[in-house]
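As C-alpha cells, one chain now follows by itself in the form predicted alone.
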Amino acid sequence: MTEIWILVAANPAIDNLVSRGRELGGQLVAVVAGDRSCAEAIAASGVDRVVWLGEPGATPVEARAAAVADLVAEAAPRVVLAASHPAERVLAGALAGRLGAPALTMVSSVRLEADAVIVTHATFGGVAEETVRVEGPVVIVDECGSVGTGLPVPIEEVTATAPPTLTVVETRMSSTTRVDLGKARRVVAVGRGLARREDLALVEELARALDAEVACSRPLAEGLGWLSRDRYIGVTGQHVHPDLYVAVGISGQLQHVVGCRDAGTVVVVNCDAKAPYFGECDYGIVGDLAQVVPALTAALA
C-alpha cells in the first residue's frame, strides 16, 4: 500500500494536508517532532499512523530535522506533505535534501501515476503555473488549514537518531502580536499613496467599519516600517483570499497583485486614473484617499 507521509513540527493544524493525502489514496503516516500534546492532536486528526520522536525537551523542533529526514527517508515514500509554517518548512527542506527530491510550493493539484507524481503548482510568485512530472519522491509544502478531528490512532514512539546538540537556553515573548491575514474575510490594504504615517488612522478607521484586517504593500512594511512585515501582501509576502479586498493608494503592480489575486471582490481607491489596478478590480474610485476613505467610513457607519 502507498504511504503518504506528513511532516509535523509542533502545529497540529493539518486538515488540508489530510484531505490532500486522502485524494491521493493509500495510508497517511504523520511523523511528529513536537511534544506529546501535539502528537495526541495529530493522532485524532484523521491520519492512519502517528510516529512520534518523543519529548523534545529544551531542543527546538527545527533541530530535529536530521532525525525526521532519516526516519522518513528509510520509509522511501513517493509523496511527503508539510504545512507552510516556518518550522515545518525546515523539516521539509532537510528531507528534500536527504532524498534528493524537489520541494514544491503553491501546489494546486497532485496525482499519482504508475511511475511518477504529476504536480501542478504556481511559479514566479503566482504569475504563472506549471505542471511537472516527478519520477521519484517529491516534498510538497501546502496550506495547513485547521486542526482536524477523527478517531484517535495509537502513537508509535521512536528514538530519534543523531540527537541534536542545540538547546534553548532562554525564551523571550515578543511584544508584538502577529496577524494571520490568510484567515481574514475582509482586508483593507494601503500603499505608497499614503503621504504620512499619521494618515494610517484613516485606513484603520475604515477597516474597523468593515470589520477587516489592515494590510499593506511592500514599501510600507520593508521600506518605511509603518506596518509590520506580517501585514505585507505580495509576491514574497502574504497571499490572501478574502471575500472583500480594498486597496487604498496601491498602484497595482504585479508584485503586489499576485498576493491577493484570489480575493472575491476587489475595490480600488487611487488618485491616478491610469493606475494598473483599475484594470484588475471590480469597483474603482478615482480620488484623493484623504477624502474618499473618510467618506466610505462615514457611509458604512
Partner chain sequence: MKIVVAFKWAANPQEATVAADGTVDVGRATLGISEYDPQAFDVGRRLADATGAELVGLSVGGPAATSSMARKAALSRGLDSLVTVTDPSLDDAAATRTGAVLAAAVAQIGDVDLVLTGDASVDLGVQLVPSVMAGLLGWPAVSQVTALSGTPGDLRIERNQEGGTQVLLASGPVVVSIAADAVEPRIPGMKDILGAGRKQTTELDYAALSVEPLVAYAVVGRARPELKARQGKVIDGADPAAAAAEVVAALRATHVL
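By rigid core we mean the largest C-alpha set that fits within 1.5 Å across both forms. Note that the coordinates shown come from a computational prediction; the quantities given were computed from them, not determined experimentally. Numbering follows the first chain given and starts at 1.
The same protein also has a form predicted in complex with its partner chain, omitted here; what follows describes it.
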- Heavy atom within 4.5 Å of its partner chain in the predicted bound form - the one residue of Val51, Cys38, Val266, Ala44 that qualifies: Val266
- Message: Exactly one residue in Ser109, Thr167, Thr149, Ser146 has a non-hydrogen atom within 4.5 Å of its partner chain in the predicted bound form; which is it?
- Response: Thr167
- Consider Arg208 of the chain shown here, and say whether it contacts its partner chain in the predicted bound form, taking contact as heavy atoms within 4.5 Å. no
- Item | 4.5 Å heavy atom contact, Ser19 and its partner chain in the predicted bound form | no
- With heavy atoms only and a cut-off of 4.5 Å, decide whether Pro137 touches its partner chain in the predicted bound form. yes
- Query: Hey, in the predicted bound form, does Val132 get a heavy atom within 4.5 angstroms of its partner chain?
  - Reply: yes
- Task: Establish, in the predicted bound form, whether Gly34, Gly193 and Val203 all lie within 4.5 Å of its partner chain, using non-hydrogen atoms for the distance.
- Result: no
- Message: Given a 4.5 Å distance limit between heavy atoms, list every residue of 248-263 close to its partner chain in the predicted bound form, or none if there are none.
- Response: Gln253, Leu254, Gln255, Arg261, Asp262, Ala263
- Task: Please check if Pro276 moves between this form and the one not shown, taking a CA shift of 2 Å or more relative to the superposed core as movement.
- Result: yes
- Message: Is the shift of Ser228 between this form and the one not shown large enough to count as movement, that is, does its C-alpha move by 2 Å or more after the core is superposed?
- Response: yes
- Task: Determine, after fitting the two forms on their core, whether Pro219 shows a C-alpha shift of 2 Å or more between this form and the one not shown.
- Result: yes
